[in-house]
Every structure is written in C-alpha cells, then in structure tokens.
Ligand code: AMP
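Quick heads-up: it's one chain on its own, the form predicted on its own, in structure tokens.
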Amino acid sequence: MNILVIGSGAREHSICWSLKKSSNCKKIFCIPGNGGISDIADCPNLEIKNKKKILDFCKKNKITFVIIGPEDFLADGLSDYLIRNKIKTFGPSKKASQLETSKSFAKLFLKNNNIPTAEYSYFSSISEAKRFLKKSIFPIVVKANGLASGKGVIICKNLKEANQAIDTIMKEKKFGESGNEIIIEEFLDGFEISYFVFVDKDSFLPLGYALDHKKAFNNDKGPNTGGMGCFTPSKKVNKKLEKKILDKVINKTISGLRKEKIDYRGILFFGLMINKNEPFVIEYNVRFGDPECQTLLRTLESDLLEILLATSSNQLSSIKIKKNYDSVICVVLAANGYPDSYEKNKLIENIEKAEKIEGIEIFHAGTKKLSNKIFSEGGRVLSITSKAKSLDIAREKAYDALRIINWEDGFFREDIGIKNY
C-alpha cells in the first residue's frame, strides 16, 4: 500500500516508524513531515491546507490510505472530504471531531450521557464570565472553548488570576478565535491519565494509557504546554480503576455516540482526572496524543496499519491488540522559551549517537534537515523515548540520551516519571 500521513510532529514520526514495520506497507509519504520523518518517508512540499491539492496528490501517487495526525485538519473536515472522494482515511468526521474542537459540545455530550465530569459554565461575554467569578469557589479552571494545541487551559488559584485568565483568552486573544468563548470549570484534584481507544461504528478496542506531564517545568511549574513527556505504566492504575474507567466512562461514551448518531471512526483520547479513585473526563481528543502516541506505539506489537484499516472499515471487532508490557518513558526536548516565543534554525547534534543506547528511539517534532544536518524548526523539537524492563532503567537511559545530545538551545523536564505515581 502507498500511505499518506498528514502532520509534522513526533506523533507523526512515531506513526510512520510503526507503519514502516507492516508487511502491507509499500511506501509512506508524509506532508509536511520533518527532518526525522524524511529518513523513512517522502515529504513533498505541498500546500497542506488545500484539500484539493491533497486529493490530487493522492490520485497521482496512488495513495491507498490516508492517516490524519493533527486535530486542526479533522476540524476542517479533511477526513470527510477525502472519504467523499473515495480515499480511505483514518480520522473522525468534522461532526465527530466536535468532541475536541468545541469544549461546550463535549460538556453537553458528557452531561447528556451521564458521564462523570467537572461542573462547568459556558460564557461568550467577558462581563458575564467575570460576574460569575465573584460567586466561584477557588481554585477554578478557565478554558478556551476551541482548539489551542493543549495550551488553552489556565488553573486559577484566586479571583485576580481568574480575571487575568479571562482577559488573556477573550480580550488579548492569546489563542485566537478559539478564545471567543470560554468554559469555567470546577477544579478537580488528583492525577491525570490519557486513555486511548480505537472506535468504529460497531465496536471499540482499548490501546492503553499513559500519564502526561503538561506543565513546562519541573514539579509541574510554569505554563501549560502541548506535553513535556509521559510514561506508562503507573503503579496507581490497577485493574479495579481500569474497570471503573471502562464502565463509567468508555462504555457510556460509546453508547452516547450511537444514541446521538455520531459515526465515530478513529482513535478517541480520554483525558481523565482520577479524583478519590474515581475517573472524571476533563477532555476528549479525537486523535493520537502527543507525546502519548510516541510512548504507546513503543509498546505495540500488533500491526498498526492493520488496526487503522480495520477501524476505518468498521472491522475492528476482528482485531486483537498484542502489546509488550515493558515500561516506556518519553521526554520532550523543547526550544528555550517554549511555549512562548523561541528561536529556530539552531543546530542539533549527536542524535544518532544517542540512539545507539539500547531501548532508545528518538522521534523528531520541530526539526528540518539541511545538508544532512538537523536544525530546530518548532517549540517541541525531539521526543526521546526509552523502553526497558523497569521505569527506573527507562528513565536513566532517556536522560543519558539527552546528556549525549547536550543541546544548549533547548531544555527538558528532569522529573518525567520520577514519582511513578
């Protein structure tokens, strides 16, 4: 098969890496790709936002299957467009993608289907939102209603911080049009899990979970990012908790999709807060997470291409997922200044040397290749993944790899997975 992957992050690099192992994979294209992806896939220069050009490219290159990575392409209806034009595609429809693209849509879905979630209120007016704050119990959470690359969530400890958060999102438009409306939500204390399930019209199949570190700096300090690292498994996630997640969240979500006639075909990411050993949905994402995808695909022993094809063809019930149960950790190397402003075009060396450590795979995110050298091109630059028999050994190897790379223009969190929860 000729396969096209849409996206340019470490998530897409890990997807291409996993697809490459399939005996059914003939050739991989990735648009726009990055410096690392270009080693295993063709990365043509194409106007990525132009659906017609993507369709023409698919026809010209006899693309059998398209896999959409980032959420903004799903929000734009690329999946619907390609399927309408007889191109088999992995990724939910624009309608189904509202579970991620509109927090108010997701919250209403959760309430209508009796799925545990934090109490919330929705606002399109700054003055009404600020009036609401006066009777709120702190801490609270202020969220941009639309897509914000995982950064549009602000936890506020007091009234002053909450007022500033509303101004940042709605007045200063830090997240653009995504901040035209906001959700103000009760704060739930606990620990977060990212849980992933493949879903088709008739069935679903769990892939597994990882624990993500969203804050930029050590000890969960600093602003929210798209994710600074994650790990799997966790001591706190036992069979009893997984059963609660299945019964109270996943089964009810699947029933809700059927009831509301939402034809969901793709992977569904449940962002969960575990509060007093009970799962609450804090968000849905309608695609593989990043950096969770890099982590979970290191544990997958089944053929990823076979799973994705079965999902898009409503044949998921015929698939069984085989995994290894080693520990995997992912540490993100980011450009200095991320998630705010940062410099690009900085040389990164010693990547191949670091990859020689047993159990290490490095997935590129914001990189480009010039004259066979790798330069930075984005905020999150590399995902260092490490697999070992224990999390402690995996951690040690990941940080050994980062010390070998020794990139002075970047930073990383030193505490990914250290608590092991």
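We number the residues from 1 along the sequence you see. Since we're looking at a predicted model, the values are computed, not measured.
There is another form of this protein, the form predicted in complex with the ligand, and it is not shown here; the text below is about that form.
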Partner-contacting position among I274, I254, I282, L205 - heavy atom within 4.5 Å of the ligand in the model of the complex: I282
Listed residue that, although the ligand is not shown, lies within 4.5 Å of it in the model of the complex (heavy atoms), from E349, D76, D247, E186: E186
The ligand contact in the model of the complex: R298, any heavy atom under 4.5 Å: no
E192, heavy atom within 4.5 angstroms of the ligand in the model of the complex: yes
Partner proximity in the model of the complex: V141 to the ligand, non-hydrogen atom cutoff 4.5 Å: yes
Interface membership of N224, the ligand in the model of the complex, 4.5 Å heavy atom rule: yes
Stretch in contact in the model of the complex with the ligand, which is absent here, among 148-156, 301-309, 171-179, 76-84 (heavy atoms within 4.5 Å): 148-156
The ligand in the model of the complex: contacted by all of K103, A118 and K214, heavy atom 4.5 Å: yes
